[in-house]
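A lone chain, given as structure tokens: the form predicted on its own.
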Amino acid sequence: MTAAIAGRLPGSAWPQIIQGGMGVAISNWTLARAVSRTGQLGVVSGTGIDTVMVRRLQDGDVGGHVRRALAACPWPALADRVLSKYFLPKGRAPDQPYKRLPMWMANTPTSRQGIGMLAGFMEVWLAKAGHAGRVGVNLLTKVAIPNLPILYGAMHAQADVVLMGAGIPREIPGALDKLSLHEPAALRLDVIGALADDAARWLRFDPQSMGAGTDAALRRPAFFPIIAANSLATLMARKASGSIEGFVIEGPTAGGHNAPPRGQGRFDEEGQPIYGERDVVDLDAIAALGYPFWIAGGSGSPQGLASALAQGAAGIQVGTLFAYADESGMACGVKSQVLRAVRSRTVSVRTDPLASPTGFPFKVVDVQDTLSGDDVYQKRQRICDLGYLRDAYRGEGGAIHFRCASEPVEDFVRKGGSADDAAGRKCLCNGLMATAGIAQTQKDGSVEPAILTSGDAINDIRKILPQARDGYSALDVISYLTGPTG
């Protein structure tokens, strides 16, 4: 049994535009499908997609899309169990909390892994339905534990590309090879204080335990690591565990998590990290590696596309313009509020060095201190009930435990963390779910506030925002990007 593995296609064989894989659920199947149908590369976000799936079910599965996808999956018994537990035909009551999934652990039970697998299948299957365009899935290397089950599900839905950043995904190409053959795959889990011989540092996933019941090999998707340094590109090209097919080169103006500046930490008067020449990727050196590459961060314009092509790139990856398109998964109220602020020039983006519990700089959108603002967020009771961004650490006897800099400070300190490291942290897991319109109602009756992230070029939306309404389509974005540069 052999798998059909995507080859190293020349840059001209790939679309020029990759839609950014924005989580949580901003790059949903609707947006990815709209982009892919234009001939460009639509991308779904796999970050937290298991929670997204069960919350859609608890909101009544409007349109029946989740149930339609699960009816097409190769694990009907598992799909039936998920529907039985989470689907609410009439949806939740307005103040009813969502039923939570158990958190991912170092040794997550097979039943829990299966929910991640179903969710990966669902989102890609819906994005690919009814057209022949390519669809990619974006995951975070940092959020390691769910990745293998989600990838296996996405591969069953025939994902064309896997894109991963927020870390060094050296082991992913080999894992894709294994999963395409339904063979067990493993990823190393970063554990604070781990010893070299700690066997528990490995995350293992066995497709055979899922009962797919097929010997037919899956088509292995292409793999595009998202990198911010030449050294990482060279490492991936030479020492990855399997083949890579291209790179996304992401600069510090991109939304979401940014790589920290190289060298001594310096900050401007607003507390934002300062990036310099050492943080600029040498595109000539990237081109010399012989892979197609796309430039991300501040390139979302006709001029940006033309410049990227002139520098030898296959094209650009664009997030911010697509994030506010009609088809994106951003909650309509949040989207409208930001678009009105863009029109009135009352929106800004700052690179917050503290917001993310990961310790990486994170772009936060502020709308006159009413959306994502610190004043709003400081009223929130700290809680960690989703846990995607927790850090694993070694406890007594080698057991693996978890802590998060955004959980209650006393809990974080009790687990060996520092109170200083907890200061100013936000719960991105809950905040980003809220931005996608699936905010949790907590026990005290409070509703999780939204946290919004975008690239620095958020005000460039004015270039495509029509006068008649606060909205535009994914097709409008494609037309703008591929239009005249004058």
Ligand SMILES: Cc1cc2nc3c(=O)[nH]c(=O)nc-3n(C[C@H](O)[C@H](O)[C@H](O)COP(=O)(O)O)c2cc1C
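Position 1 is the first residue in the sequence shown; the rest follow in order. Note that the structure is a prediction, hence the values are computed from the model and not measured.
This protein has a second form, the form predicted in complex with the named molecule, left out of what is shown; the following refers to that one.
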| query | finding |
| --- | --- |
| Residue contact check: N28 to the named molecule in the predicted bound form, 4.5 Å heavy atom | no |
| L140, heavy atom within 4.5 angstroms of the named molecule in the predicted bound form | yes |
| Contact of T320 with the named molecule in the predicted bound form (heavy atom, 4.5 Å) | yes |
| Residue contact check: M122 to the named molecule in the predicted bound form, 4.5 Å heavy atom | no |
| Stretch in contact, per heavy atom within 4.5 angstroms of the named molecule in the predicted bound form, of 297-305, 144-152, 73-81, 107-115 | 297-305 |
| In the predicted bound form, the one of N430, T453, T51, Q40 near the named molecule [non-hydrogen atom within 4.5 angstroms] | T453 |
| The unique member of G329, P225, P361, G255 whose heavy atoms fall within 4.5 Å of the named molecule in the predicted bound form | G255 |
